[in-house]
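Form predicted alone, single chain, as structure tokens, below.
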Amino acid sequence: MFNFTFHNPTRIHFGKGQISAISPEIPAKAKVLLTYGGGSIRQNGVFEQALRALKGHTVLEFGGIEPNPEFETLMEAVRFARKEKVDFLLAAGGGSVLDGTKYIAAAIPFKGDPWDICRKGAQVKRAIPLGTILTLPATGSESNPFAVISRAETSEKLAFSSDHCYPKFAVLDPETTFSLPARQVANGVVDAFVHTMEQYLTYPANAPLQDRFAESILQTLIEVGPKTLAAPSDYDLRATFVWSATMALNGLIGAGVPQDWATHMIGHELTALYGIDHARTLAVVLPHLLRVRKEQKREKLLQFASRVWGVQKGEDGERIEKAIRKMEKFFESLGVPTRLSAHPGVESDTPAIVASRLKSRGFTKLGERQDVTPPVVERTLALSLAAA
């Protein structure tokens, strides 16, 4: 196990009606900017509950944050918040709203070009404090310091991280997710699954507890994912899914172990190029990247096959392929394709284009062993594109 420092400062308020718990979390004299997406929070009761909890505070609003939050939209919010001297941000929505609000929080006091936070990894020295009300379980953004921001002007989708952007609190009320479209629920299950895999399926690091934590999240998602999709108003099923997605990326299972994240880096380029849902890019990349790197990941792939899928008989290669196919069948059972060729508009030269884009940004050595090079990216996407 590697040395690590684990600290997650986000206070979680989990369960029915917990939006009411946010009032004492926000300073009484704070001017609050409530951020959200397309306005679904007005239909699912979140907006009304939030305003009730914020009674006595000065509350301003900024809506319209897109899926794959767009730089220009977020900068409108930054300019508005600066003008109004906002003291606190409250993000109500899914991962895109939460990620976008983290960027707003970092950009408001930033000196210089705020895009440098993503493009150049510029240090975030401080940020406006923020809290979150989660309405779409998937990214784990409600209790981590990470965010991914898009910029249509340059066809970029880039990530940043800062400890200053940890939410002060997060509300996870499963009932606020009941009205989600099936596609978004399915995407959320896949997103949480792949988050777990990026931290788990690398190489052995003598971290058996982290492995068991990760395997329990994977097995729980396999069990509960199809059920919560079929019964969206079942509180217990949805509560289990919501908590699984949070635990997948709050830092716990990644403490002291190697991490991959090549699937995400490749997937971000596919979203930037074609607008494919983030989770769906992960589903078309991960299985084929595992096939390409099966020798480098052999030990953990065999562990994954045995412990997660119960595949214990046969030659090593056969067991590995069977486990990957079971994972693909799981994704597809949720309605999420595992072939790039299933997405219309994807060109035959996409593998080379994605590899070139990553290379132009200096991302030439990805993965836990830094061996996912441009040729590996091309081979992976070629497999995904050719697969029937």
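Values in this document were obtained by computation on a predicted structure and should not be read as measured data. Start at 1 with the first residue shown and count on from there.
A second form of this protein, the form predicted in complex with 5,6-dihydroxy-NADP (NZQ), is not displayed here; the remarks below concern that form.
Taking T228, T263, T246, T176 one by one, only a single residue has any non-hydrogen atom within 4.5 Å of 5,6-dihydroxy-NADP (NZQ) in the predicted complex, and it is T176.
Listed residues G56, P27, G39, G345 were compared with 5,6-dihydroxy-NADP (NZQ) in the predicted complex; G39 is the one with a heavy atom within 4.5 Å.
Proximity of L136 to 5,6-dihydroxy-NADP (NZQ) in the predicted complex falls within the 4.5 Å heavy atom cutoff. When contacts are judged by a 4.5 Å heavy atom cut-off, S333 does not count as touching 5,6-dihydroxy-NADP (NZQ) in the predicted complex. In the predicted complex, H278 approaches 5,6-dihydroxy-NADP (NZQ) with a heavy atom inside 4.5 Å. Remark: I65 counts among the residues lining 5,6-dihydroxy-NADP (NZQ) in the predicted complex, judged by a heavy atom distance of 4.5 Å or less. The chain is drawn here without 5,6-dihydroxy-NADP (NZQ); in the predicted complex, the stretch among 305 to 313, 211 to 219, 138 to 146, 106 to 114 whose residues come within 4.5 Å of it by any heavy atom is 138 to 146. Within 4.5 angstroms of 5,6-dihydroxy-NADP (NZQ) in the predicted complex, the stretch 81 to 106 places a non-hydrogen atom from each of G94, G95, S96, V97, D99, K102, taken in sequence order.
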